[in-house]
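Here we start with a single chain on its own, the form predicted alone, put down as structure tokens.
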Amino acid sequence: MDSALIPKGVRRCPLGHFVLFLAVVGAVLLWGVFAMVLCWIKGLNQTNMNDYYGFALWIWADLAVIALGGGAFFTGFLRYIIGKDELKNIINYAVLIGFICYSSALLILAIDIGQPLRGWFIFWHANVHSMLTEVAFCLSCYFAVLTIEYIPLILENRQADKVPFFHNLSHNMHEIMAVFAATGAFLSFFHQGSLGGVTGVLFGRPFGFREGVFIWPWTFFLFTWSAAACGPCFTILVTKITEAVTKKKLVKDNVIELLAKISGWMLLTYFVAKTIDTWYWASVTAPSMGFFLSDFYTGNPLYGWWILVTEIVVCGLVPALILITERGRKNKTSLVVAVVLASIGVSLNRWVMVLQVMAVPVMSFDNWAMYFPSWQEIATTILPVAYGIILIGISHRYLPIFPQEKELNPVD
């Protein structure tokens, strides 16, 4: 029965091995589910959040997966709107990764609000003056778009495709996918930006506060920019991990190199914009509020100067220079190093803009406010990772995710 569900012309590991894999990852998933249930039954006292940290590890994880999932909207934009036809061979995987990231983000939010049954209040009793309202609307709508983009892949399963209705529905959905790609790019621009804008308007938190253009602080545009630059890098990284685990070549090098080249130039321009933003904030914005740059990076080793250098130079400039050079992109080791650094960089940026904002003392009598998450927070943050691995495993086994797999791995 299992072999009848596997796409024709490809090899998969024995069913027993696959079930064992699901069982191991499933155990981690159940640990996270147990912690999630505790948070829902007993409340947010299961966390280590406090008056300083009204949101912490969960919100960092939420912002990080949304940024890493940016590969879906940007790759779709490049494929359907710009017309980079080569990317059709990786767009399915980008959609799957985006689907996992955005469903994980919504799951994290459902845990974070403490009472998920009241989640509909966001929509029915919307605070029209809050950027987070716009984020909630766009996140939900874009997840719906990703679901619509993922459905044709499910319908292309070997058995489902035999049903004429499913076959025709899948074909017709592919024909109009450009509409959903454009809609997704529009929605992503605003919710990625608004997530950055929230920190940028926190006047009482000078580390995150930024001046802006019209009604938007600069962080609005920097968040969108970084997601578009680093999201595709994460797609490449997960593709390479999948190839290593399956011991198969799944996407041709020219496809990976094209996506890497575009990401590299996006990352380089983001590095320039981020450097200018940091310089202006450090030399103009912060001093106007009575702060020196050293006030934000001394006093605690966890948030020392190293974090600024790591985010902007090590995880920004270095991967950008690797990816924009043909020699760097073609070398397998340097390519992996670059996409790993870029993925870490955007995650570190979200960490800084969530946690360091709260840690920095803003009053003369304040000290650095430290925070360490509870095991429940850690377990529920790992939960989406386990869920994502399981969904990737099932999708790779039973769905034609990689169009070039048959060509690259001919069955004797």
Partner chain sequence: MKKEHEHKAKKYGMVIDLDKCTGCGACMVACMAENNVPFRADETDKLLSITWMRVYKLTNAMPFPKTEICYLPRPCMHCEGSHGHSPCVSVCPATATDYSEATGIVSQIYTRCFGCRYCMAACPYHARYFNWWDPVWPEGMEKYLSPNVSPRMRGIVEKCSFCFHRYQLAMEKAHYEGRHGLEEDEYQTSCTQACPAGAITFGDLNNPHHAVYKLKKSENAFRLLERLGTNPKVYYTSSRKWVRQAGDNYLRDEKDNVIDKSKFRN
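What you are looking at is a predicted structure, and each value in this text was computed from that prediction instead of being measured. Residue numbers count along the first chain shown, from 1.
This next part talks about the form predicted in complex with the partner chain, which is not shown.
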query: Considering 107, 314, 337, 201, which brings a non-hydrogen atom within 4.5 Å of the partner chain in the predicted complex?
result: 201
statement: Contact with the partner chain in the predicted complex, heavy atom within 4.5 Å, among 31, 55, 351, 387 goes to 55
- prompt: Among 70-78, 233-241, 127-135, 264-272, which stretch has residues whose heavy atoms lie within 4.5 Å of the partner chain in the predicted complex?
  reply: 127-135
field: Contact label in the predicted complex: residue 254 to the partner chain, heavy atom within 4.5 Å
entry: no
- request: Give a yes/no on whether residue 276 approaches the partner chain to within 4.5 Å in the predicted complex, heavy atoms considered.
  value: no
query: Is residue 297 a contact residue for the partner chain in the predicted complex, using a 4.5 Å heavy atom cut-off?
result: no
field: 4.5 angstroms heavy atom contact with the partner chain in the predicted complex for residue 361
entry: yes
- prompt: Any chance all of 82, 281 and 356 sit within 4.5 Å of the partner chain in the predicted complex, going by non-hydrogen atoms?
  reply: no
- prompt: Considering only 13-42, what residues come within 4.5 Å of the partner chain in the predicted complex, judged by heavy atoms?
  reply: 40, 41, 42
